[in-house]
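What follows is one chain in structure tokens, specifically the form predicted alone.
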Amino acid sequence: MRQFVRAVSWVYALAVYGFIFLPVVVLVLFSLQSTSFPIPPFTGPSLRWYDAVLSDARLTSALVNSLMVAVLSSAAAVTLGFLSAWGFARFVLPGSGLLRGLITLPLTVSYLIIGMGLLVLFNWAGVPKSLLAAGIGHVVINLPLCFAIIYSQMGDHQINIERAARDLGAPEWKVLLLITVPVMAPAIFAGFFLSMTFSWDEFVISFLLTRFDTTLPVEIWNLLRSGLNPKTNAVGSLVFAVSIVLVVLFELTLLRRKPA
């Protein structure tokens, strides 16, 4: 009976992981196709389409744009999220429960709604479609996430450390930069890397708020409008690879907290 349960467990695990990763495996496999059609039989492996992607000035420009938007918007989101979490955790504010709920509310709103709202707002304010507008949109969707991660890790033991620093004569800005930030570093890095992952893959807001300079997901969409080919598979594989790297960094950041 035990062997039967173990066999069923293995079959279940294989089915779950196959369901999740089979589309990605097919994508990566046919990105290595040597012919012009991503259909069986497999004629690779070949790096022909990766070379074509890296030789395409528009795609490489979109790749750089995506990295720039992801890094800068994530840095802004995690900074604002940290300051908000620190303010709510260290000071008694009227209606703080309601205010905390309002900060995290965008987590429940679809990116399409947020993007349409930002598009209307920027049109009204005269802000043109650009990477800056897309970056602001990414800050809007990632700030609540950073706030939730960092605020959940703020506890009374950190308050005691900060109080001891103040008793020894440290001004408030030194307490914040030299005590609070290092203590909260795992949560801050986790929020940053998770924000980068979401910003790197984000399409809807970037599609609505950019025009001439676009991000990589928007360029992939433009390629897909002419149909599937191994080049789009190669671009998708590169996006997936970068996402995996960011997720691994995120996991390592979280795991570093356990021994402490």
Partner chain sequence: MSSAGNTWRGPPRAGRALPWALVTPALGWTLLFFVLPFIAMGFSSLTAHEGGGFTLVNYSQFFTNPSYWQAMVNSLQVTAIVTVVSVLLAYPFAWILAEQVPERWQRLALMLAVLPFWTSYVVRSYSWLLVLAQNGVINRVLTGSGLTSEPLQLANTRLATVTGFVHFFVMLLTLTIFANLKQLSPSYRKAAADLGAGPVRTFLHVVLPLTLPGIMVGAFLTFVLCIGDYITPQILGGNNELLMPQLVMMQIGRRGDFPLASALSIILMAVVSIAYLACARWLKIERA
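Bear in mind that the values here come from a model prediction, so they are computed numbers and not experimental data. Numbering follows the first chain given and starts at 1.
The protein also exists as the form predicted together with its partner chain; that form is not presented, and the subsequent description refers to it.
Checking 148, 178, 116, 75 for any heavy atom within 4.5 Å of its partner chain in the model of the complex turns up a single hit: 116. For the marked spot (47, 97 and 174), a heavy atom within 4.5 Å of its partner chain in the model of the complex is absent from each of the three residues. In the model of the complex, its partner chain sits within 4.5 Å of a heavy atom belonging to residue 201. Of the heavy atoms in residue 184, none are within 4.5 Å of its partner chain in the model of the complex.
By the criterion of a heavy atom within 4.5 Å, residue 59 is excluded from the residues contacting its partner chain in the model of the complex. Among heavy atoms of residue 33, none comes within 4.5 Å of its partner chain in the model of the complex. Contacts with its partner chain in the model of the complex, taken as any heavy atom within 4.5 Å, map within 1 to 16 to 5, 6, 9, 12, 13, 16.
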